[in-house]
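Just one chain follows, in the form predicted on its own, and it is written as structure tokens.
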């Protein structure tokens, strides 16, 4: 029996070995090398790259966290509204339209939003014709325009996850709450959201990670200063050939994401422990 299990384990390991090799070559090795280079200063190990990164880009770190947090909040609000509506109503048009950004590359999103949110762009033209106001500020190259661009392109991912979790909840829970006098809003707050919390957390974590790691949209839509960390990393490499500070900024981003991931893992462990009890 033990020999049979060992053979099965070996066979299973051989099946996943190609995937592990790809993961090691394309992710683990570059990550370890990036961390090593971030501590390398003129051939010696030290914290100079981090000192320089915080001195030059302290405001950008705060700005990146602010944009990411604002995006997560907006995506959460939009996702909850659309997912809740589609949980109770079957509106094919909305069901198709909210998925549209899923099929648009970030490069196209950045260019489209830059045109749409410009001072003489499509949005201001529509507002001018409706209100008669001709001097309107453009949202492109501003933090608000960048946040709206992120929210528009990332909301469909969150909606898909949250809507799937809402629809997976048995109708008997919803019907019981409605029979006891709850309205649909109370059902969403007291039934759907608590039961779908793990999926909601997954959607928010993915939104956070995709926002903080994005380069194209901040480069095309966001302001030149302050800007997000991936843009700073690109400029350190392209214009200064400064791989040390660029990797230090990357490690700072990793630490932020790891901190969020640890919170998420603790949340999931607590949720599972609560379900078991």
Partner chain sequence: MSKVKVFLVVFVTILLIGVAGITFSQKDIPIHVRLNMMVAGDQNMVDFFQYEIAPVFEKLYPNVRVNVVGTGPGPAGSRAIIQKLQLEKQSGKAKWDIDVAIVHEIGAAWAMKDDLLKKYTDFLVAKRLVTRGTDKMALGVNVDGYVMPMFHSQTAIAYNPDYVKNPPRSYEELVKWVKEHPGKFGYNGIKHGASGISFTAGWLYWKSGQIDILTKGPYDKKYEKNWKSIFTDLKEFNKYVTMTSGNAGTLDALNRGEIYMGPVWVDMFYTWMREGRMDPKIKLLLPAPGMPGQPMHYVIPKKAANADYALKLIELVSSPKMQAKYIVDRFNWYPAIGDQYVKPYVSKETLGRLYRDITPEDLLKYGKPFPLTGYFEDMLEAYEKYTE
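Residue numbers count along the first chain shown, from 1. Just so it is clear, the model here is predicted, and its values are computed rather than measured.
Below, we refer to the form predicted in complex with its partner chain, which is not included among the displayed structures.
Of the candidate stretches 227-235, 26-34, 43-51, 61-69, only 227-235 has residues whose heavy atoms lie within 4.5 Å of its partner chain in the predicted bound form.
Proximity of 76, 145 and 261 to its partner chain in the predicted bound form is absent: no residue of the three has a non-hydrogen atom within 4.5 angstroms.
Residue 184 falls outside the set of residues with a heavy atom inside 4.5 Å of its partner chain in the predicted bound form.
For the chain shown alone, residue 141 is a contact residue for its partner chain in the predicted bound form, at least one non-hydrogen atom being within 4.5 angstroms. A residue is said to contact a partner when one of its heavy atoms sits within 4.5 Å of a partner heavy atom; residue 212 fails this definition for its partner chain in the predicted bound form, lying far away.
When its partner chain is considered in the predicted bound form, residue 176 lies well away from it, no heavy atom lying within 4.5 Å. Among 94, 189, 81, 115, the residue placing a heavy atom within 4.5 Å of its partner chain in the predicted bound form is 115. None of 129, 89, 197, 120 but one reaches within 4.5 angstroms of its partner chain in the predicted bound form through a heavy atom, and that residue is 120. Residues are counted as partner-facing when one of their heavy atoms sits within 4.5 Å of its partner chain in the predicted bound form; in 39-57 these are 52, 56, 57, in sequence order.
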